[in-house]
Each structure stands twice: as C-alpha cells, then as structure tokens.
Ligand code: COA
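In structure tokens, one chain follows: the form predicted on its own.
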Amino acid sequence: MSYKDKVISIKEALNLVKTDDMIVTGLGAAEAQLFMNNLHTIADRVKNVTVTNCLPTSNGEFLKPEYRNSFNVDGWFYSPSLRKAHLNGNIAFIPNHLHLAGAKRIFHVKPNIYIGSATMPDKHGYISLSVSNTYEKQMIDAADIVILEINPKYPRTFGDVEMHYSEVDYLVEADYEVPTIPDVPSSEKDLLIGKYIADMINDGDCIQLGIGGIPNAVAAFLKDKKDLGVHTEMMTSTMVDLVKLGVINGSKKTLHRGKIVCTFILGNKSLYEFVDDNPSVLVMDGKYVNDPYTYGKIDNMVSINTTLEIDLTGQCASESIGAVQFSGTGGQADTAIGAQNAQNGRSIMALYSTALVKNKETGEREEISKIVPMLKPGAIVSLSRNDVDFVVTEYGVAALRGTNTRTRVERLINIAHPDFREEIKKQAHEIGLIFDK
C-alpha cells in the first residue's frame, strides 16, 4: 500500500472514534493538534470517550464543561489547560513515574486509538516521531488503530523514533507550527539559586535540566564550564545555547558519548531548528532514558529539579498545592534517584524560600515560607525524604545526604527566608521534630 493510500482527512480520522474509546495522544508538542482541536465536533454522537495525555499544548474545545458527558481526560502531567478544566469533574490525574507511565497505563487499559504528530516520510518511507518518544512507541505498539498527523514543519530526529509509514494505519496531512513555550526570564532569586547550583557542577559532568526561570539561570552560569554532557528527560532551548558555546559536547560521557540523549523536546523555534536532522541528538524511549538504572550508569550525573514546598525532614511536594494537582511527578524521582546511583552523582532540588499567596480571609496577598515544618494538608509527596540529596534556595545549599532529622531541620532552616526562621524553629519544637538539650 502506498503512502497516499493511507492518507485520510481529519474528519475521517474523527469518524473512527466510538463511544467508550480510550485514546492516547503524544506528549507536549507531539500532541495531535488537528485531532484535539476538532474532537468536540463529534460530541453529539459519542459518550465516555477518554483521552490520555501528558503536558498538553493544545487547548481544545472538548475540555469545556459542556462536553464532559462525551469526553474524559486522564493526564500524566497537568499543563494550564488541564488545571483550568480540572473543576469540570471529568479530568483526573494518573500518578506515575514517567519512565513507567506508558507500561503501567497499558497494564490498566489497552488504547483503542493512538494519535500523535510526526514528520513527513523520507525517500525510504520512514517517518520520525520527532519531538517525543516518552511513551509514544509503546502506545503505538499497543493500540488497535494508529493515526499520525504528518507535518513538514516538524523536525526529523533520530534515536528510536523512526518507523516506516507502512506500520501506521492512517496518516493525516497537517501544516501547523510546532508548539513552542516562551523563554522564561530569570529573576533575581533565580540568578542567586542558579549561581549556587552552577558552582556544584564540574567540568565533564553530565546534566539533567528542566524548564523555567531557575534552570535557565543555571544554564546562564554554566557558560565557563567545559565538556558537559546531557542525559535528560526534556531537551530545552538553553541547552542549544550551551552547545553553540562549546560548553556541551558530551566528550566525557560514560554512556552515549558525544550525544545529547532525551525523551522529549520542547522549547523555542531555534531548538527545533537545531535538532532537525541532527545526529548528535537522540530521542529515545522514556522507559530507557528515564530509568534510574540508566542514570546510574552515567558517571558524574547531576540531576536538577524544582519543587513547590519542602518540609523540615526533606519531603518535597513538587506537583500539588495542598491537595490541588498543579503539574505532575514527571521524571523527578526517576532522575533524582538515578543520579545518586551514579559514580560521583548528585541530585539537586531547588525552590524559592517564599511565595506570595492570597489570604482567604482578607483577600490580600501575603508572603509565606516554602520551607515548612509540615507540608500543607493533602500535599502530594513527589520526592520522598529518603531520596533528597541537596536542596538550594536563594539563601544557600542544604546538604541532606545521610543526615538525621535533627541535622536536616537545622540545615533547611538555615536556607529559609530570615524573616521566617525563628517561627519555623518554634513550630519544629512544638511538633517534636527537635528538642532542647
């Protein structure tokens, strides 16, 4: 069967959806934009269709409350669109470690349809899944029907993302831009934290870095380093800047030397231009890339993640505000645990010492400490205190590896905002975390 024989319209693709179907789409920019943005058009003929997604970049009409009887969403990682729609009652979070997200989902339920984005076929008939293979290949193998939106604007990447068009049931020709995320400027706090973290990174280290003001600030202070490598869940725009400066070359890596290894790509247009047809970048299966065992095989591995709140024993609530789901665990535990299994590996958790929140009684915004004696009621522990290594705020570094709870209390109070230290210490006494000798 020729390539053209597999091409269908988006309307024909949507006609394949039936009541009670389980649909999976790609992560982030690998999400099928045409399909998701038109899914609401079949609401009148289907019920209880479940879409499983991760860090969605689209904001499809089907997320609106009027469609909640037709569609459910199960998310591995919330983005703003899911946080907003969560109150509809048909959105639910899937607790997961990212390297097992696909396998565990398939154990629970078999997908009827996989729909994602991909490149156009090359002269040999091969397409690339382009910007993600976190779970996509696993779902393609498990799904009853596989549909790909092939798009000339998507970068052709390498790794284990290649497949022949004959392995796909249907192709939808698309022409939208690859979704981007804005470059977040670094604040004064970000820069202070970024400098502390950069000072903990040595020439020849291999790094895992995420997105946001703090990771961007870290990258800004790495410009004088040499021979850094990258093995990361997410490849970001700041990594490209460091490659162009000669900072990242992977020459000292003990696994995939000379290659940037990731499981998905999300950033600005320059990032997509850099990875296009670039054999130095490998986009590989998330169950391999993010496996803590894989990270453990990389000497001098440094994992850098952020958290929303931490208690005085080291428990990190990185994905919820109280009981309210904000994002997801993602690969935080994968990378933090894996890096500590590596020879000379380190795991770093970063956060601001305070946050501005609205007082429910007065309606006014007030500053609170993010280092607390106890997490907020219902808070989700994304990283166990057993797995926390170094913690960084704008006030310094707390080394927690191997320490007892008393030492942890002291060291975390020392990097809390000075205005809150005495009150935190007082509360630690009251709940029995520390005692006067």
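Given the structure is predicted, the values throughout are model-derived calculations rather than measurements. Basically, rigid core = biggest C-alpha set you can superpose within 1.5 Å across the two forms. All residue numbers are counted from 1 along the displayed sequence.
What follows is about the form predicted in complex with the named molecule, which we do not show.
J.: Just to be sure I understand the contacts: of P179, G296, G204, G212, which is the one whose heavy atoms reach within 4.5 angstroms of the named molecule in the predicted bound form?
T.: Checked against the cut-off, the match is G212.
J.: Which of S347, S117, S132, Q332 has a heavy atom within 4.5 Å of the named molecule in the predicted bound form?
T.: Contact residue from the list: Q332.
J.: Does R365 reach the named molecule in the predicted bound form, with heavy atoms at most 4.5 Å apart?
T.: It does: once the named molecule is placed as it appears in the predicted bound form, R365 has a heavy atom within 4.5 Å of it.
J.: State yes or no: in the predicted bound form, is some non-hydrogen atom of F158 no more than 4.5 angstroms from a non-hydrogen atom of the named molecule?
T.: No, F158 stays farther than 4.5 Å from the named molecule in the predicted bound form.
J.: Check whether K376 has any heavy atom within 4.5 Å of a heavy atom of the named molecule in the predicted bound form, and answer yes or no.
T.: K376: yes, in contact with the named molecule in the predicted bound form.
J.: In the predicted bound form, does S186 come within 4.5 Å of the named molecule, counting heavy atoms only?
T.: Output for S186 is no: heavy atoms all beyond 4.5 Å of the named molecule.
J.: Okay, which stretch from 166-174, 273-281, 301-309, 140-148 lines the named molecule in the predicted bound form, with non-hydrogen atoms inside 4.5 Å?
T.: This holds for exactly one stretch, 301-309.
J.: In sequence order, which positions of 344-375 have a non-hydrogen atom within 4.5 Å of the named molecule in the predicted bound form?
T.: Sequence-ordered list: A355, L356, V357, R365, I368, K370.
J.: Note yes or no: does the Cα of K360 move by 2 Å or more between this form and the one not shown after the core is superposed?
T.: It does shift by 2 Å or more.
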